[in-house]
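Below sits a lone chain in structure tokens, taken as the form predicted alone.
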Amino acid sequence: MKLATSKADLLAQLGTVSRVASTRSAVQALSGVQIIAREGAVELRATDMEVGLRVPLAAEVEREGTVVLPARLTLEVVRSLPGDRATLELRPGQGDVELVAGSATFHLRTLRAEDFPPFPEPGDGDASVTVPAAAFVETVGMVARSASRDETRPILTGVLVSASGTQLRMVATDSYRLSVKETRLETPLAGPLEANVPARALQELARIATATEADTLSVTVRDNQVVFAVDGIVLSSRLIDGQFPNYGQLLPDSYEHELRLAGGELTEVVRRMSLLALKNAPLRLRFAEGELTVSAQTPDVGEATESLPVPFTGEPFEIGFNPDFLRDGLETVESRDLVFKLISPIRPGLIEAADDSGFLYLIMPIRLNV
């Protein structure tokens, strides 16, 4: 294998693909990036066996071939190269790749190519649809933070993605909060889609789609795998086995209080008060006639209190929330008006975007010590 390419292109594509290379696998090849040169085209690949990524590289191919190099070392070497052009040449006899740019020459030892797994092809599966990239990215961004990071409960580390007709829906929960975002599409989809996709894979896809500014992306679902294609880049991911929780049963049928609030103002108050909610201390929200008082107290650190007017009526009560979880929900709504729905100090609260954007955020309370 021998090819020539611009340093800028090589650095950019290596930076993208190296993000999914494994950092802890016993199989050394999984920490590498596979470079495939064939039929005049070059592709870079990396995977950790959960998420796989394939990106094209603009290059002139002198000799075809395939090689696997250490992903992060190769990225750092390319980042340090002088000049604007680079050549890569496999030297089978030496078991390395010669990388030359300007006055610099590197010889990088190759990894076992036979240990690198094959990749799935897009567009060949049980269900394949094309969706607007911007709508998909926005929906991912509004729910992914609610997915669990606890690998002992893998079913909750995913985002339930479903689409049918003109509706795209994503749901995520870590059992302490629940995010639901429904997005209406301008054009009906060709077919239905449902898959529990690891949140990490969707966040990586959203990053790629945003960087490429693509208009659409395709989604192909198989029995245990999903393949996304956007602007020549292909991201594949395993699907999470098991039954996703019936989130509809988690949503209360009715609420005692429904308050329309300025989201930006409440978010700023919560951010300030959260500075003093440390060491698992809750953020306290006390509702009284026409007023909300937000407070936090951490022993040996300090305390803070701030009030703002709200359209509350009825018997006063106080409810506690995890400050990070509450802030996540408010920041997702951003500066738009929101509806805060409450039942009692021991029942979950619901944050909705007031503009009918299809976003729901259910958050469990923390029992307060009076």
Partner chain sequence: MARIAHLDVDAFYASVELLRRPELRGKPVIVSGSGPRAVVTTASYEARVFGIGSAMPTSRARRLCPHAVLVAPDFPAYRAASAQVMELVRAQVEGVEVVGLDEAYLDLDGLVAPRAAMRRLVEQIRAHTGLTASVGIGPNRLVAKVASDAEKPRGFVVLSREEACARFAAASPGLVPGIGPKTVARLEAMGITTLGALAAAPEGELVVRFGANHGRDLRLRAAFQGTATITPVRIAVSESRERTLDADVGDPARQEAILRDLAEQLCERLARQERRGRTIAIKVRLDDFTTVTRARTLAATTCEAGVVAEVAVALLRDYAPPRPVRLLGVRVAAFAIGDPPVTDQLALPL
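Numbering follows the first chain given and starts at 1. Since we're looking at a predicted model, the values are computed, not measured.
FYI, the form predicted together with its partner chain isn't displayed, but the following is about it.
Residue 325 belongs to the set of residues with a heavy atom inside 4.5 Å of its partner chain in the predicted complex.
Interface membership of residue 119, defined by any non-hydrogen atom within 4.5 Å of its partner chain in the predicted complex, is ruled out. A residue is said to contact a partner when one of its heavy atoms sits within 4.5 Å of a partner heavy atom; residue 20 fails this definition for its partner chain in the predicted complex, lying far away. Mapping the unseen interface onto this chain, residue 235 falls outside it, with no heavy atom inside 4.5 Å of its partner chain in the predicted complex. Here is the short version: of 152, 243, 103, 254, the single residue with a heavy atom within 4.5 Å of its partner chain in the predicted complex is 152. Residue in contact with its partner chain in the predicted complex (any heavy atom within 4.5 Å), chosen from 224, 130, 187, 175: 175. Of the candidate stretches 227-235, 83-91, 159-167, 176-184, only 176-184 has residues whose heavy atoms lie within 4.5 Å of its partner chain in the predicted complex.
Contact check at 4.5 Å (heavy atoms) against its partner chain in the predicted complex: none of 4, 70 and 112 pass.
Along 70-102, no residue reaches a heavy atom to within 4.5 Å of its partner chain in the predicted complex.
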